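Next up: a single chain in structure tokens, the form predicted alone.
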Amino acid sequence: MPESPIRSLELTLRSIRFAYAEGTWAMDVPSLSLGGDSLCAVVGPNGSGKSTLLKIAVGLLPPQEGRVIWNGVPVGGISRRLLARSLGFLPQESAPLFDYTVEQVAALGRHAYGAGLEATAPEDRAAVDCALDAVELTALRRRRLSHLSGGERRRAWIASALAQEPSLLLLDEPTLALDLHQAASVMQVLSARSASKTRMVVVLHDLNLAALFCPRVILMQNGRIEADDVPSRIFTRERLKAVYGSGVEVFLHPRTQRPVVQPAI
């Protein structure tokens, strides 16, 4: 049976200002809308505000000024469980209090629906099974987190986010600790899911993954959005040099015709 089309959704940040007490910059986002694109990447140098932007967007970090609106309702006025049924977030690091199995980690994504770690309801089991299959961890479903590699643990947490089945999912560095093959595989999974079921916003450090998989890219620097466009207009030599502060080479891949970025030697 074909999957249902994505319903209309919109996550809007309006007049956002935020600063850490010990920070050297202040986040200033006059207006930003997320959810209108299947897969959107947020890129920029370390400390540019990418993770902070996502935390503000999902209501985990209240801005000092401005509002975050989810489908016409302020995020702060929605209960966390109700919000989690439609808006998901995978942080950069996830540290469980217990040594869960891979299957139990995936089942955590069903908490918003009232499911426990065993996820016994048919719809919960189906969501967990599908998520584990997507990240290629079905064979390791009974293995505990302490017996996994860093990359396997990361994929287990991605499975949890997928099992949640939100309308919009924000992921902070989903390819962290993954090797080249695993990172590309995860991005393929996210790309396929975003095209049919769940819109996604992903923070990425790998500019080439962003260029290859994401039709929209947001480029950040010092708490501000420097550019918001298609990859071909974001990944140019001049723009990246201005943001990253060092020489880069940009050329088109001969097969995909997508930008390829590498340091200038």
Partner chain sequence: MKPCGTSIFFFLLFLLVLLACPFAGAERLQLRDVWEGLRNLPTLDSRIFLHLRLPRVVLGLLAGGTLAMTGAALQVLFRNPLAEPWTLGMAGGASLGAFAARAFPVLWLAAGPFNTSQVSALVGAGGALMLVLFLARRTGGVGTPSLLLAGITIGIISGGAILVAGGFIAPWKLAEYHRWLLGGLGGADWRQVAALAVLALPGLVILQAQAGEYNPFGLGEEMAAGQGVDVARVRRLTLIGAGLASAAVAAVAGPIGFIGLLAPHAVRRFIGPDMRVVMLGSFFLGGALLAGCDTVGRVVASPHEIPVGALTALLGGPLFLLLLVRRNTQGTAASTAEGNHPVVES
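Positions refer to the first chain, counted from 1. Computed from a prediction, not measured in an experiment: that's the story for all the values here. In this text, rigid core is short for the largest set of C-alphas that superpose within 1.5 Å between two forms.
Heads up, the form predicted in complex with its partner chain isn't pictured, but that's what we're talking about next.
Listed residues Leu140, Cys130, Ala84, Val189 were compared with its partner chain in the predicted complex; Ala84 is the one with a heavy atom within 4.5 Å. Contact annotation for Arg193: none of its heavy atoms lies within 4.5 Å of its partner chain in the predicted complex. Proximity of Gln164 to its partner chain in the predicted complex falls within the 4.5 Å heavy atom cutoff. Among heavy atoms of Arg239, none comes within 4.5 Å of its partner chain in the predicted complex.
In the predicted complex, its partner chain sits within 4.5 Å of a heavy atom belonging to Leu90. Heavy atoms within 4.5 Å of its partner chain in the predicted complex belong, among the stretches 105 to 113, 67 to 75, 179 to 187, 122 to 130, to residues of 105 to 113. In the predicted complex, the residues of 153 to 178 lying within 4.5 Å of its partner chain by at least one heavy atom are, in order, Trp157, Ser160, Gln164. If you fit the rigid core between the shown form and the other one, you'll see the Cα of Ala115 move by less than 2 angstroms.
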